[in-house]
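One chain is shown next in C-alpha cells, namely the form predicted on its own.
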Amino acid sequence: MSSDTGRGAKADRIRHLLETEGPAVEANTLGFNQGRYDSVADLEDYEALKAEARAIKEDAIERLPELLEELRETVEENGGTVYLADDAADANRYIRELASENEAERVVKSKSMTSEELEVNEALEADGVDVVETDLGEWVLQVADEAPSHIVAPAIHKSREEIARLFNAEFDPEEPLETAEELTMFAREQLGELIREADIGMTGANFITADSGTIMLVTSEGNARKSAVVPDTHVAVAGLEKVVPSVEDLAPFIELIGRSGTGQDITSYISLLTPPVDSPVVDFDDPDVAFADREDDRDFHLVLIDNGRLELREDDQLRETLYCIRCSACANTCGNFQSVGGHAFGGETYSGGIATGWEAGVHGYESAAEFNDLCTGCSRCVEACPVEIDIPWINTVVRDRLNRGGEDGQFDFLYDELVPDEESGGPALQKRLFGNYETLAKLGSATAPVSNWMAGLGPVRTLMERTVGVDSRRPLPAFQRETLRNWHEKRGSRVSAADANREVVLYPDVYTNYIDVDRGKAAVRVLEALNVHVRVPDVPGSGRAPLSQGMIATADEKASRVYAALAEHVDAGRDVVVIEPSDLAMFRNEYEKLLPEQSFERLSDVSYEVLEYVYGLLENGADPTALRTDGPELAYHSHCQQRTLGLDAYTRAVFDELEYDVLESEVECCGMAGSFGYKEQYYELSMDVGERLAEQFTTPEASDRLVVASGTSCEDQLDDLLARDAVHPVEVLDPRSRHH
C-alpha cells in the first residue's frame, strides 16, 4: 500500500468513526473528564496523593522479583496456586487445562483487560466452553460481537437507543426494552441466571498485595464479586505489574482510581478478596443444607502474566508504562480520543494515550504503529495521570523506534542530502518534512514572497497532498521576508542595558522568527515598555518539530545547539523569555531527557513564558499604564502545554490587572497540535476537535470579541475555524497595537 493510499484509508476510517461513534464517545468522555476535575477538587491534597501512588508503583516495579516470590508464598499458604505465564499462549494453556479438569461447561468472567490481551474467551470457546462476560458493557459487546472502545467503559461508543435495539433484536423480550433501567434490569436477570450455573469464575485484579494475597477489584456492578465467590473455582488473571507490597498501599489508589477514570469519588463496588475465600459455596441445587454441614472445597488459581512486561521493566524509556493503573484518565482528557474513541485510538487490546506503551510491550510495535500518531504530545494527559506517567514521552520513544524500523522511501536519498537532520532513512517523508520545518521556514523566508505565491498554486497544493500528505484544504502560513532577528538588528534596542530594570533574551522560535514576526515585535515593545533591555540572538529551533515526529536524535542535537547559543546569556544573568508555550515546554520538560542535568537546570531555571514574565514585572513594580489598557473585549484560548505547565493563570492575571473584559475558552484543545492538523489523514479529526472551541467562540457573547490565543497552532486553527484573525496576548498589550 502506498503512503498516499495508506493516508487515504486512515482518513476514511477516521471519517467513518467520527460519523458513527463520535457523538457517543464525545458525550461520555467529556462527562468523565469533567467529573474528574470536580471530584479531585474535593481532595485535600491531590498532588501529594498522586506522588504517593507514583512512589508505591516505582517501588513495586523496582522490587518486582522479590514481591512475586513473596506473593507466591503467601497465596500458597492461603491454599491457592500461583502460575506465572510467559505469554498469552502459556496462560491460555493453563486455563484450558483447569477448565478441562473441572469438566467446565461455563465460565463467567468479570471485566479484565488482561484477559482481553490473552484472548482467553476464544481459547476456551475453541474447547466448547461457554464464556460469559458479566460486566454490563462487556456483555453488550459480546452480544453485539464488537470490540471494546474504552478500557474502563468498553461500550462507550454505543448509545442507549442502540443497546435497546440490540437487546430487543437478540432476546425478543415480551415487552420492548427502552429505558436505561429496563435495560439494566433485563441484563441483571440474564446474567444472574448465567452466573448461577457457572462452573468457574474468572476475574482480573486491579491490585494484588504481596503480603496477604489480597485482590482488589474495582467495578460498577458487583458482578466481579459474584463471579469470584459463586462458583467453587476462582481463576484470577493479572499482569505482573499489578502486585504492590501491602494492603496499606491500596489506600491512595482507592482514592484515585474512580476519580481519575469516571469522575466518581468512589466507584460503586470496591471488593477486597483474599482467596480462596471462606464464604460457603453457593449451591442452588441443594438449598436446604446448612452452611455448617457443607464440605466446600474452594479452588483458587492466580495466573500472573508476563507477556513482555519483564522486558518493559528493563527498558529505561518505556518502564513507566508498568506504573499504569488503567484508569483511562489519559483517554478521557485527550481531544483526539474524545472524537474517535478506542476503535481508532487503540491497538489489539489497549486504547488511549498510554496504550502505545502497552501495545508495544505486549503485542509488538506493529500494533502500536496503527495509532501512535494520534498522540499529538499536547501533554494534557500528564496532568490527568494519577501516577504521573510521562505518556507523551513514551509515545515519542515508540514513534522514534518505529521510524528507525521503517523502510527507506524512494525520496529518502534526496532528503538525506537536503535536510540537516540526524535521521538516516526510516521516518516517512511526511514526518521528515514536518520534522525539518526549520529548514523549510528559512528557505521560505529567504525566497518570500515568491515562496508564498508558489505554495498557493492549486497544482502545487495537489502535488504536496499526494507526495507528502499536506492537506490541500488547510491554508499554509505565509513566510515573512524580514525575520524578527533582522528587524531587531536593524532597529536596535530602545532601552539601554545600563538604564533597564532587567535584561532578557527573547527566544526567536521558528514560527515567530520566520512567519508571525508581528507577535515577536509586539513582545519586544511590551518588554521595553516595562523598562527591559531586549536581545534577540541567533538561536536554532528548540527541536519541538522533530520531536513531535519521533526524531529524537535530531531534537537532541538541536537541544545541544540551543543551550550552546544561550549559555553565555545565562552566564551573564539574563532571563530567557519564550513566546511559544511548546518551546518553553521543551526547555522545562523535554530538555531534561536531552541535555546534561546541570545544563537543563540552568536553562530551565531562567526561562519564562512571555506573559508569565510580564506578570512578574508588574508584580515587582513595573508601570502597567505603559501597556495598552484600552483594548477590545477578548475571547481567550490558552495553549495545552501552557496549561500543563500551570502558566495560563498569568495571562488571565495580566488581563485582569489591566481591566480587560475576557471570555475564556472552556475547551481544552483546539485540535491543531502543530503539524497534526496539516496532515491529510488527520485534517478532519483536527477540525472536529476544534469545532468544540468554535461553538463557544461563535456564540452571541463571543462572536464580536477579538480572538486571542497563546499558541501558534491555536491561532492558526482559530483563524481557519472562525474566519477571524486570532492574535497572541502580547499583541493585545503592545502599546502600538491596533487590534480592535
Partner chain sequence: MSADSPSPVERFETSLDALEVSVTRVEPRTFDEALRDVVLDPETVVGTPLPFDSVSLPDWVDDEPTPATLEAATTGVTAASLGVADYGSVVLPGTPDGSEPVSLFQDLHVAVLRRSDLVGDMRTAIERLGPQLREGHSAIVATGPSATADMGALVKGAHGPKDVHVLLLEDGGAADE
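None of these values were measured; they are calculated from a predicted model. Positions refer to the first chain, counted from 1.
Separately, the form predicted together with its partner chain exists; it is not shown, and the next lines address it.
Using a 4.5 Å cut-off to its partner chain in the predicted complex, each of G137, V247 and D278 places a heavy atom inside that distance. You can rule out all but one of 339 to 347, 176 to 184, 382 to 390, 312 to 320: in the predicted complex, only 176 to 184 has residues with a heavy atom within 4.5 Å of its partner chain.
The contact with its partner chain in the predicted complex, taken as any heavy atom within 4.5 Å, belongs to L49 out of L64, L706, L30, L49. Note on contacts: among D145, D286, D172, E103, the single residue with a heavy atom within 4.5 Å of its partner chain in the predicted complex is D286. In the predicted complex, its partner chain sits beyond 4.5 Å of every heavy atom of E76. Within this chain, E255 lines the site of its partner chain in the predicted complex, having a heavy atom no more than 4.5 Å away.
In the predicted complex, none of the heavy atoms of Y608 sits within 4.5 Å of a heavy atom of its partner chain. Among heavy atoms of A292, some come within 4.5 Å of its partner chain in the predicted complex. For the stretch 206 to 227, the set of residues having any non-hydrogen atom within 4.5 angstroms of its partner chain in the predicted complex comprises D211, S212, T214, S220, E221, G222, N223, R225, K226, in sequence order.
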